[in-house]
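So this first bit is one chain, no partners, the form predicted alone, shown in structure tokens.
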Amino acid sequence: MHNGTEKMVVVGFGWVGQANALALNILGYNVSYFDPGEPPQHYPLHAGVYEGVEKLSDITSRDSEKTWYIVCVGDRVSEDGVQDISNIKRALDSLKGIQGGVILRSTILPDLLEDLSFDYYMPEFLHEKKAVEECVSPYLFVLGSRKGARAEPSVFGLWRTHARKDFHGTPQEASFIKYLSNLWNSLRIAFVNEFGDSIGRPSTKEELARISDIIDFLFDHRSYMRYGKAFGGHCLPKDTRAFAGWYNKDPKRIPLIAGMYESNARHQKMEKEFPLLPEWYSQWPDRHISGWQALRELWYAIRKNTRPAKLLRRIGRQK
């Protein structure tokens, strides 16, 4: 259980900040938030939980040695891939001289983390539709800690217990994992859509079904591998641009990452002509394997281990 004396102050109350604040409240923490604006509530299914999260007029009014500031301020990325973290820097500067600790959850390129002041960098791996639930019980727990960081808050122990995978390294390593996750998702979406576009243009439901059947035959409707609309939302486009801009500063590097952003942009233009393309969203897989999935994996294992080549090898060994 968590330490009841700990106080959590979420700095920045957008999509990520609200998911963190609501999740911490659900986990039983004393939670408040600071945001100079009046952001709308993004998670109406948790309307009752918002009532337990107080807005602060002064960012340090709850400061103590038991206070943890969770910085969820967003970055901005230009069309040519330049990441602007000035708002994040201002938020961190406003915390100088505090007694409490700082957990940074904003998405930041590895090189830009070096000059920032915080105890722990913990990038988020949330999907908008299920962000609160995934913040309560994270699929991935990725933590980068600074040398000399204060003792971890109790919530880290809760998150580690729930997480399917746990990584602890430097802030830069944690940032690389964050970008690897988002870029891999972007790449799969862009590739599947580009391949689907090469099959045909879905002007009717029948044509759309034909394209989808071809792709789904291999990919089984898996997340990020379904033919449909281009990737969008708050994270994938800007993070792909930011990493491509940073990565392509060296002209010797292969332009695959920049290419997938261009491919996605072309597919977005096609959406206007062919509005039948379906919307879709993804979330982390359930930890508990379903009965149908278990049967599929069993059948796959049976087929894999009864192929003629394997049988011949077994016969040969028996001789």
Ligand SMILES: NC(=O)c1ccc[n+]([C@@H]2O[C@H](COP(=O)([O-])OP(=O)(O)OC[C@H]3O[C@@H](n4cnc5c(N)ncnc54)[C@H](O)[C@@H]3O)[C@@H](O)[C@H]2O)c1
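These figures come from a predicted structure and were not determined experimentally. Residue numbers run from 1 along the displayed sequence.
The next section is about a form of this same protein that is not shown, the form predicted together with this ligand.
So in the model of the complex, does residue 137 come within 4.5 Å of this ligand, heavy atom to heavy atom? Output for residue 137 is no: heavy atoms all beyond 4.5 Å of this ligand.
Is it the case that residue 207, even though its partner is missing from this view, gets within 4.5 Å of this ligand in the model of the complex, heavy atoms only? It does not: once this ligand is placed as it appears in the model of the complex, residue 207 has no heavy atom within 4.5 Å of it.
Taking this ligand as it sits in the model of the complex, is residue 52 in contact with it (heavy atom to heavy atom, 4.5 Å or less)? Residue 52: no, not in contact with this ligand in the model of the complex.
Are any of the heavy atoms in residue 87 no more than 4.5 Å from a heavy atom of this ligand in the model of the complex? Looking in the model of the complex, residue contacts with this ligand include residue 87, since a heavy atom lies within 4.5 Å.
Choose from 167-175, 241-249, 218-226, 105-113 the stretch whose residues reach within 4.5 Å of this ligand in the model of the complex, heavy atoms counted. Result for this chain: 105-113.
Which residue, 230, 95, 73, 183, is the contact with this ligand in the model of the complex, using a 4.5 Å heavy atom cutoff? In short, 73.
This ligand isn't shown here, but in the model of the complex which of 155, 211, 190, 126 has a heavy atom within 4.5 Å of it? By the 4.5 Å heavy-atom cutoff, the listed residue in contact is 126.
Does each of 34, 37 and 91 have at least one heavy atom within 4.5 Å of this ligand in the model of the complex? Contact check passed for all of 34, 37 and 91.
Along 8-22, which positions have a non-hydrogen atom within 4.5 Å of this ligand in the model of the complex? Sequence-ordered list: 11, 12, 13, 14, 15, 16, 17.
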